[in-house]
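Take a look at this single chain, the form predicted alone, given in structure tokens.
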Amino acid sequence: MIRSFLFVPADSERKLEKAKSTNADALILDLEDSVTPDSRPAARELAREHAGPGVWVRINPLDTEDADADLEAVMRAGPAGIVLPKPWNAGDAMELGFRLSELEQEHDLEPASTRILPICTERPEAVFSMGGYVEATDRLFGLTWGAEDLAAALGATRNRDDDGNWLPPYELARTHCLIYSAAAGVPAIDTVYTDFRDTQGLARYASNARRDGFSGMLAIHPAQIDTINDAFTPSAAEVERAQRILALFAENPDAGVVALDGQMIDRPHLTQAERIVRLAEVARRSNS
């Protein structure tokens, strides 16, 4: 599980070096929105130099010539995964998987080692086709979503109300991402909080994201990382209770329900306890 993904423009050596000193669980070297077309050839070379285990790359949309050039440049470095922007549907993730298989073989990489994280709501057509991800590819790491490109496609002038809440089309897209991630059995990663100076707003948003079931969040600025990590790190009390639940079910493997502190605890509570312990382990490894 990954709590925080930090986008880093791949055309900036300074930003790439700075990103390595953050506490982000994973970096996403961006070859798409933050890089102008003229800068992409040089950015690809920088991305190749900085990619590798634990580092992801956002390529350009799969139906562009840039996507092939992006993949050719970075796959030789063996990135952890590819972030897929603007897919039309799960078929794009499947097609990307085929291309990755060819490049893994070409560069002597472990087969099927490169994971895929689609940004699955950036096109209006994609919002209602997310069910296809449920059995699309074994490479699927998780699902995330985006509101900015969706707003542009809809012709909207804004995507949040005056209180900072998502307006209905974007709340729908977010909900679909969460539900279909669960259906596919992969983590749901919440989208970016664009006001990187609003630490309190980010803390509320990230806390609510974890409450709703998201496992992590995208970040656009290094200053956001610690706040996101804190929000997705279970408290000591949560971990202690989760461990007690795990112990009770381990002692009673055939039980559907156990009692804890006067409450009836069933199998969905066990699933949640396992999730809390995994998140706590991610935090422990990150801090060690």
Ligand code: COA
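This structure is a prediction, so every number in the text was calculated from the model and none was measured. All residue numbers are counted from 1 along the displayed sequence.
Although it is not shown, the form predicted together with the ligand is what the next lines describe.
Participant: Decide yes or no: are S4, P187 and R211 jointly within 4.5 Å of the ligand in the predicted complex, with each residue judged by its heavy atoms?
Facilitator: Answer is no for this spot.
Participant: Please tell me whether any heavy atom belonging to A151 falls inside 4.5 Å of a heavy atom of the ligand, as the geometry stands in the predicted complex.
Facilitator: No.
Participant: In the predicted complex, is there a heavy atom of the ligand that lies within 4.5 Å of any heavy atom of A203, even though the partner is absent here?
Facilitator: Answer no; every heavy atom of A203 is more than 4.5 Å from the ligand in the predicted complex.
Participant: Using heavy atoms and a 4.5 Å limit, would one call K15 a contact residue for the ligand in the predicted complex?
Facilitator: Close contact exists here: in the predicted complex, K15 approaches the ligand to within 4.5 Å, heavy atoms only.
Participant: Can you check whether R48 is within 4.5 Å of the ligand in the predicted complex, heavy atom basis?
Facilitator: No - in the predicted complex, heavy atoms of R48 and the ligand never come within 4.5 Å of each other.
Participant: The chain here is shown without the ligand. Which stretch in 30 to 38, 233 to 241, 248 to 256, 61 to 69 comes within 4.5 angstroms of it in the predicted complex, by heavy atom distance?
Facilitator: Selected range: 30 to 38.
Participant: Only one of V192, A80, L103, L178 comes within 4.5 Å of the ligand in the predicted complex by heavy atoms, so just point that one out.
Facilitator: That would be V192.
Participant: Using a 4.5 Å cut-off on any heavy atom, which residues of 185 to 219 would contact the ligand in the predicted complex?
Facilitator: If the 4.5 Å heavy-atom criterion is applied to the ligand in the predicted complex, 185 to 219 yields V192, F196, R197.
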